[in-house]
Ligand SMILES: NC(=O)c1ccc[n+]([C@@H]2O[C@H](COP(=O)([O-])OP(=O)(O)OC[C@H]3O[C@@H](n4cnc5c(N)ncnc54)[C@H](OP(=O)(O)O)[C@@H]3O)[C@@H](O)[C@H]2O)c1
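Read the single chain below, which is given as structure tokens and is the form predicted on its own.
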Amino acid sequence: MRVALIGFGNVGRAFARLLESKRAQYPFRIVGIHTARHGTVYDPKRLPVVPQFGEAAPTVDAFLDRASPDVAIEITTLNPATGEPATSHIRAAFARHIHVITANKGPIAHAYAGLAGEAKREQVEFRFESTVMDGAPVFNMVRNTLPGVQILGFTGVLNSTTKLVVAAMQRGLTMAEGIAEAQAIGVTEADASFDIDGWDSAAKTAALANVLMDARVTPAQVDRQGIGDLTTAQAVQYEAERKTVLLVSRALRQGASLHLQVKPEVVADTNLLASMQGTSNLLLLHTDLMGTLGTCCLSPGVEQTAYGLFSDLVDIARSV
């Protein structure tokens, strides 16, 4: 299958390396890459892992027309307020009967129902496994292995940055120093305030609710509170009491109502949610038929996010 990338940051580069390593078994080929920063590059045969960019295509529409891929992978930077321009990129691909994969949670958090409807009308596939847990199976798990199960709610610790920042503050550092540590290992959003203020978690919460619970909400409708008010003195005190602060995402359906929230919670270090250290994430799904079950990803990085894209690509290839 011919693949075009919209965006080529750390995840895109890791994905290109992964495709090259699996090329003998999975002969996918990247035929075009379009970026806002580096420009655009095409090769109908196959681009190298380290491409040489030329002048940028004037629009994503023009890029898709020239690249003519079977699958477009949208991996631009998150805009938690609107989900744009990623949502428009996805719609441009659908309009050209191109399958789409995205690691950008914005479109799923803001426009999932509409996008899923458009994909169905255009008879193309739409996948987004890497949007919430760095490629760990969540959406594919529910779709493929839990037939007939209703998701009644969920509980998750889904933001790595805030956990790293709190851990740094428990060592006596300031919040700014903790953010700098997280930025140094490349796990923060481009604007770290999206993490600290809870917008990243709110977008993931909305995305999960939209896909798994047909919520049709946006991040602005999530009851959101970040960790910005936490002080170093408080963090150190919690550490002495063998507790920590986690930014927890929760969803609960009660009758016709659905409550979504992202808030800091003080939990004992023996709590299951606190067992996920560093960049590790945990999501528990509360269901009608299977009780509570979950998935976790231990110390994920860009390679795991890239694998989520790869698994979606394989899934699409098997479906068409």
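All of these numbers come straight from a predicted model, not from anything done at the bench. Numbering starts at 1 and runs along the sequence shown.
The next section is about a form of this same protein that is not shown, the form predicted in complex with the ligand.
Peer 1: Whether 121, 127 and 313 jointly form a contact site for the ligand in the model of the complex is the question; each needs a heavy atom within 4.5 Å.
Peer 2: Verified in the model of the complex; spot residues all out of contact, no.
Peer 1: Within 4.5 angstroms, counting heavy atoms, which one of the listed stretches 287-295, 32-40, 271-279, 251-259 is next to the ligand in the model of the complex?
Peer 2: It is the stretch 32-40.
Peer 1: Which of 246, 222, 235, 75 has a heavy atom within 4.5 Å of the ligand in the model of the complex?
Peer 2: Partner contact (heavy atom, 4.5 Å) among the options: 75.
Peer 1: For residue 134, is any heavy atom within 4.5 Å of the ligand in the model of the complex, or not?
Peer 2: Answer yes; at least one heavy atom of residue 134 falls within 4.5 Å of the ligand in the model of the complex.
Peer 1: Does residue 11 make contact with the ligand in the model of the complex, using a 4.5 Å heavy atom cut-off?
Peer 2: Although the ligand is absent here, residue 11 would touch it in the model of the complex, with heavy atoms inside 4.5 Å.
Peer 1: So in the model of the complex, is the ligand close enough to residue 105 to count as touching (4.5 Å, heavy atoms)?
Peer 2: Within the cut-off, so yes.
Peer 1: Using the partner position in the model of the complex, report whether residue 89 sits within 4.5 Å of the ligand, counting heavy atoms only.
Peer 2: Residue 89: contacts the ligand in the model of the complex.
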